[in-house]
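For reference, the chain that follows is the form predicted on its own, supplied as structure tokens.
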Amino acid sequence: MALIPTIGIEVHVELKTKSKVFSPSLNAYGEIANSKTNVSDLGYPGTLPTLNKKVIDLAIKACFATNCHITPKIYFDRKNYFYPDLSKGYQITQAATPIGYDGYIEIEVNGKVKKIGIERLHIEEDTSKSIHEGDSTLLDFNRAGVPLIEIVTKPVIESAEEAVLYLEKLREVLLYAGVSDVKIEEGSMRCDANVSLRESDSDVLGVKTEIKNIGSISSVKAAINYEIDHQKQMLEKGEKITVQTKRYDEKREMTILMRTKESNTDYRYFPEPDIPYIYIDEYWINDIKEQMPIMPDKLRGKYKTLSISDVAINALIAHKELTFFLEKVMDKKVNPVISANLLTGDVLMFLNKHNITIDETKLAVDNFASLVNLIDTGEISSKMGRELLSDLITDGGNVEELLKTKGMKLISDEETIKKLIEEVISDNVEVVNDYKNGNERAFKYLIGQAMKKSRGQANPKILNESLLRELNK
């Protein structure tokens, strides 16, 4: 009997707020340990939580990004358990009234669109961070109280490859929505995977194993595949699978038992008595909806209709700041293809080389748009445009002034270009003969020589036409 994997993914995402969810402490990464805390974060007796409204705003945005329905009346619960990183002895979360429910993310599998159903999206606070050094464990409470959303899929994922596609798409939509920076390497997006196997002729799900805090998307794939193989081997031997919590050891490339899994009754959930009910009315929802930026799938469709190449589209979507820059540029009614090619070519190369974003350069939207127009109308060549672009990125300035300073002007006079061509033909008789004998590469060489003579200022279109005409005489 064939065994079919069933996978559910739980993702914790840190929200992009200035302060924590229930205290005014700064929500910051990489600060000196325990420097961004107060008595509420540390769990002092008698302290009371104060809800950060921005957290609700961002959670509503996340609901829009994941196509979730929004619960109009929500409250928080206490999840009770003892662990060193939870000094209060409970975590404030949402058990009964998740802010979002019944959503989905669309992925493409083997050329077909598949909806990955989202069961719930809820808000909760993070715990402090445990740092293990030898036989000692240190606690950093800077992370305690950092706002999280937990996004839980329905058990509809059928392979590690689908899980990876889902996580990549989820990361993308949350980034574009401005909900989180979703930096997995900094822990602002953390993933748990629930893996079970069922018999192919049955709808009854198998016993699941939860793999906690997987450190990267690539490790998610490896961890799920390992666990599927491990469970298959157990079942083939007639061994019983029990509900367990594991972790993935990247060095040993295997999942390792942490503990047997608690049930919901072990957590003794009850409504948080110190935070009132929150009512999310249609005015609040519509206000957030108006703040939502255009999302990646709509951008992909838009860029395809504008004849931007798939390579450029993928590069743009992968770099949100370039996409938003392009959107501002296109408001100036410029050629979208030239704009996209420059941004995903020379500009992106510069940004990667210097490890910066486009906002950290001196490239202004108006100047970039002017440059694109000059290339589009043929007033300057693409080579000249790239040279000017390099100056605009590093030094800023006005395109027209740069053209004057550099003495750049496209030569479009046909007689001037004809003389250039005649000189090149006279200087390269053997190459001309190669071309006439069928060597197409010889034509490109002659064009290069003509461009060199013109110092890159000859109009490429007129140059090509003139050379072809002279060679065919």
Partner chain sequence: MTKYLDLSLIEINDLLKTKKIKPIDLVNEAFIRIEQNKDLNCFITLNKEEAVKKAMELENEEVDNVLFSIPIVIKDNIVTKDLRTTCASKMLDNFIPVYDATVIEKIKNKNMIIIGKTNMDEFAMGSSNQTSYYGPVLNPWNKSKVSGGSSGGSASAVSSRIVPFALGSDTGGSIRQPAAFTGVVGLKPTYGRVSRYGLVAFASSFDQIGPMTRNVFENALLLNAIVGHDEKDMTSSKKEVEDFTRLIGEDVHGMKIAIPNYYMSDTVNKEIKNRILYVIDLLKSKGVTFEYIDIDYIKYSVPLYQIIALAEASSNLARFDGVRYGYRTNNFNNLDELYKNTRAEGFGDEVKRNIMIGSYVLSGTNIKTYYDKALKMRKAISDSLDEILSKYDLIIGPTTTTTAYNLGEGQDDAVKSFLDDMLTIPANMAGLPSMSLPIGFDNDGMPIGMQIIGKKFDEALIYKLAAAVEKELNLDLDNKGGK
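Residue numbers count along the first chain shown, from 1. The structure presented is a predicted model; accordingly, all values stated were derived computationally and were not measured.
Quick note: we don't show the form predicted in complex with the partner chain, though the next part is all about it.
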Is Gly448 part of the interface with the partner chain in the predicted bound form - any heavy atom within 4.5 Å?
no
Tell me, yes or no, whether Arg386 is in contact with the partner chain in the predicted bound form, where a contact means a heavy atom of each within 4.5 Å.
no
May I ask you to state whether Lys246 is within 4.5 Å of the partner chain in the predicted bound form, using heavy atom distances?
no
Contact between Lys88 and the partner chain in the predicted bound form at 4.5 Å, heavy atoms?
yes
Which is the contacting stretch out of 186-194, 110-118, 89-97, 311-319, given heavy atoms within 4.5 Å of the partner chain in the predicted bound form?
89-97
Sort through Ser35, Asn67, Ser412, Thr50 and report the residue having a heavy atom within 4.5 Å of the partner chain in the predicted bound form.
Thr50
Tell me, out of Asp395, Glu199, Glu161, Asp266, which residue has a non-hydrogen atom within 4.5 angstroms of the partner chain in the predicted bound form.
Asp266
Would you give me the residues of 70-88 that have any heavy atom within 4.5 Å of the partner chain in the predicted bound form, in order from first to last?
Arg78, Asn80, Phe82, Tyr83, Pro84, Leu86, Ser87, Lys88
